[in-house]
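Next up: a single chain in structure tokens, the form predicted alone.
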Amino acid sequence: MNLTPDLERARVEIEGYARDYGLDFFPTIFELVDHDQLNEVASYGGFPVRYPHWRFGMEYDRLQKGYTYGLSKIYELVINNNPCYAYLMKSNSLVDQKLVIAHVYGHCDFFKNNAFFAHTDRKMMDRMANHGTIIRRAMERHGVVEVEDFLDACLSLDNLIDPHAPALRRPHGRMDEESGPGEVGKLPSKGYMDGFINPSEHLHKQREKQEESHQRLQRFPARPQRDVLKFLLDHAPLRRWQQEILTLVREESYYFVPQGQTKIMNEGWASYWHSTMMTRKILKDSEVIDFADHHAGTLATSPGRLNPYKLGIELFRDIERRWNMGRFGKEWEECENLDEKMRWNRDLGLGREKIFEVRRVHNDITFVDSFMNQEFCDAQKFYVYRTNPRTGQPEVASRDHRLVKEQILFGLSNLGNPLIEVQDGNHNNRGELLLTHRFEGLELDLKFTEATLQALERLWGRPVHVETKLDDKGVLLTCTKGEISSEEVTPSGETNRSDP
């Protein structure tokens, strides 16, 4: 660490407060950098040892312009690693530095203890450095242009993964495809009782199920596969260096998945603790106004937009309040007396214990779904709005918390990405790749869809198709030699199948 003496004293003090409150985190290394360096690190996703690529340069240029023109400013950057790495900007005031340090320890506690980060690589800084070496070596051997073009294609597909795959353990067993589905299992019985214990109708249904399962195993893949990158790694005609690059892109995608799954919780948890420690332990009288100003700016919410810091911290505070007062459980839910509910306070003092439990086991979807109730939505002024077709002005359409949650959860599902699955790796018996879009009310963006199909065709080596819906009609989009065509189709009926 290269902190100044004042900052180091503040760090030691704040770390002590964080541990006293029960936060548990990996060793945390703070680096003091100027705004150019911080923007550079941020453009690499927090990993300055990452491989070279033009998109990191574009991100750096965007961050630099935002800082130069006063449109944006990075206050903190912290990396899920063991040890954790955090970056502080030299130009920040001392009160800002204290706020950021307290915020960082909240993040570090969340990284270490939340269940959805349990599968992440805790040595990702080293892994990123290895990935950089692999890319540079490939560029030396095969040329910068060829490698960068292939890397472009891989990065344009980096969200075609299964976010739930790290937590799933699927069986790998297969029945003997040569021998067919085999005989239907029967319960042991005496001959004269066999018709009652093993009725023919039941045996017929079981035989049909086995036949259907056997037919499914003849497909390629046997079931629709959400991890498109894994399917490409297993079956696309890639050279060894291409497999290495696609593998590292897929690994990095899975590393960043938990951060997308817990954005609201993670920022809410860190904000809760920086607020708690600053107001109760750290602040001097002369620093209160500056802290209040910057903290309020962090939690400010623009109309029509969701601020994860604001929603997260308010939900954690509400959970703590409710569990302290006993406003949960069967008795609370069944109470219909509004006056009694208004005065309800069992003084249980379980709030702090509960929020630590929530921090450990939930992600954003379960967090919002479990704890955003009508009382919370009313207090925080959450509602569903629609644009009045007559006036063109937004109007409140509903204050029902269930509809509010429905909209929020829809945006959080699958990290906000369309759900795409590999349906057939030998479409039309010509080795073509067929994907399906599980339509849930929103159409695919055609500009991005065309670019994705072109990248897929480059990796697959043969035409690629995706079945979706446009204007309520089934459509098959096809990419052949980089050209996109479409035709109206009847939905295959297979779109809604998914892995068990």
Partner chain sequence: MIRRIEKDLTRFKDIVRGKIKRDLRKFVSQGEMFGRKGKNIVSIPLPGIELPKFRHGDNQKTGVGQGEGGEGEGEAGDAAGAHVMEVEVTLEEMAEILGEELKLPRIEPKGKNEAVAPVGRYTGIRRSGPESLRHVKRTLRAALRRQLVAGTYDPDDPILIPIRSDRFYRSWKEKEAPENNAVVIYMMDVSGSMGKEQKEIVRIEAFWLNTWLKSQYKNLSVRYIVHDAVAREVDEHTFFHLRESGGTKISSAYDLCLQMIENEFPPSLWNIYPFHFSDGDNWSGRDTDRCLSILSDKILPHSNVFCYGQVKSAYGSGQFKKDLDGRFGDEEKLITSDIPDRDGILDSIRDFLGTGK
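Keep in mind it's a predicted model, so treat the numbers as computed, not measured. Residue numbers count along the first chain shown, from 1.
The same protein has a further form, the form predicted in complex with the partner chain, not shown here; the description that follows concerns it.
Exercise. Among 317 to 325, 80 to 88, 391 to 399, 279 to 287, which stretch has residues with heavy atoms no more than 4.5 Å from the partner chain in the model of the complex?
Worked result: Heavy-atom contact with the partner occurs in 391 to 399.
For this session: Could you tell me if all three of 54, 65 and 381 have a heavy atom no more than 4.5 Å from the partner chain in the model of the complex?
Result: Yes: 54, 65 and 381 each sit within 4.5 Å of the partner chain in the model of the complex.
Exercise. Given that the partner is absent here, does residue 99 sit within 4.5 Å of the partner chain in the model of the complex, heavy atoms only?
Worked result: Taking the distances in the model of the complex, the answer for residue 99 is no, it never comes within 4.5 Å of the partner chain.
Exercise. Taking heavy atoms only, is residue 9 within 4.5 angstroms of the partner chain in the model of the complex?
Worked result: Within the cut-off, so yes.
Exercise. Heavy atom to heavy atom, is residue 43 within 4.5 Å of the partner chain in the model of the complex?
Worked result: Heavy-atom contact with the partner chain at 4.5 Å: present for residue 43.
Exercise. Does any heavy atom of residue 444 come within 4.5 Å of a heavy atom of the partner chain in the model of the complex?
Worked result: Judged by the heavy-atom cut-off of 4.5 Å, residue 444 is in contact with the partner chain in the model of the complex.
Problem set entry | Option touching the partner chain, based on a heavy atom within 4.5 Å in the model of the complex, out of 259, 373, 130, 407 | Of 259, 373, 130, 407, the residue with a heavy atom within 4.5 Å of the partner chain in the model of the complex is 407.
Problem set entry | The unique member of 141, 386, 430, 330 whose heavy atoms fall within 4.5 Å of the partner chain in the model of the complex | Checked against the cut-off, the match is 386.
For this session: Would you give me the residues of 120 to 142 that have any heavy atom within 4.5 Å of the partner chain in the model of the complex, in order from first to last?
Result: Only a single residue, 136, comes within 4.5 Å of the partner.
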